[in-house]
Structures are given as structure tokens and as C-alpha cells.
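One chain is shown next in C-alpha cells, namely the form predicted alone.
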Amino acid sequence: MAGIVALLAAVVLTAVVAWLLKTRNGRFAEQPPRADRSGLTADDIGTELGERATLVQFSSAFCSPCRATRVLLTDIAAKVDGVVAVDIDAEEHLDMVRRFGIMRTPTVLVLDADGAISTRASGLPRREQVLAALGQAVGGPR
């Protein structure tokens, strides 16, 4: 009987954890102000920052959601003036992964025009979430 109770408890706990992870997947969270105020520079990402904002995706080679996120961010950057999308291979840039606490791929950082991190999301975000995060980074629609 104790084995069945333990199994039931494990199943319930697993379901709760899975639900929590699903609700957080792809959601953008505001970044608390950092004491060092370091963001990303053009040298860090290998290209110029966007005039209004930059979408930086940390990805890995065998990450299926990374491919879908890359397509989404590239499409948005092509349609929104002054926005650039950049894909960074997490395995090749472990220093930045550690610096910004990247725990999973894909992770998307939204940078303002100065390269400061405005917000971030782990997992595959939806289009409307990315657009809302961009609006926040640029201070509203222009």
C-alpha cells in the first residue's frame, strides 16, 4: 500500500512540475537592474546592434525549438524597422552563457538600442509575446 501512495505522490508531483514549466515556457520576464549594467555590444554578438532593438537567441545544434524560434525572430526582424535578430551558438560562447545565466536553449534576450537587456525568455515564445517585449524595449510603437 505504501508503494502505491509513493507512486501516486510521484505522479502528482511530476504533473505539477510539468504544468509549471509549461506555463513559464517562452514567457518574457523583466530583468532586474544589474549593478554592473553590462549588456551586449556589437563585438559580443558579431554584428551591429539594431537601431531600435536587437533580438539575441542563444541556441544549440540539436535543439528543435531553437529552429522554430530562429525563424520567428528572423521574420519579426525583417518586418519591424530598426530591429535585428542574431543567433548565438551557446556551445561556442560559453563565456556569455555563464555571464548571462543561460540555463536552457532557446533563450531570447531583447536588447534596447544601447545593448542593455530589457527582457528575456526561455523556450519557444509566441509571436505576440516577442512583439510585446519589443514594444517594451523600444518604449512603445513608433
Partner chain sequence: MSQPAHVDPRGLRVVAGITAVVLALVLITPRPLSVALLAVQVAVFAISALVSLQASPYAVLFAKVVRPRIGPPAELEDARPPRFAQVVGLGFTAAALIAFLAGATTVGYVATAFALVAALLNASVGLCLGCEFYLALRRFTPARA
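Treat the numbers as computed from the prediction; the structure is a model and nothing was measured. Residue numbers count along the first chain shown, from 1.
A second form of this protein, the form predicted in complex with the partner chain, is not displayed here; the remarks below concern that form.
- Taking the partner from the other structure, the partner chain in the predicted complex has no heavy atom within 4.5 Å of any heavy atom of residue 117.
- Although the partner is absent here, residue 64 sits close enough that one of its heavy atoms falls within 4.5 Å of the partner chain in the predicted complex.
- Looking at residue 94, you'd find a heavy atom of it within 4.5 angstroms of the partner chain in the predicted complex.
- Proximity of residue 84 to the partner chain in the predicted complex: non-hydrogen atoms within 4.5 Å are absent; the residue sits far from the partner.
- Residue in contact with the partner chain in the predicted complex (any heavy atom within 4.5 Å), chosen from 102, 45, 76, 113: 102.
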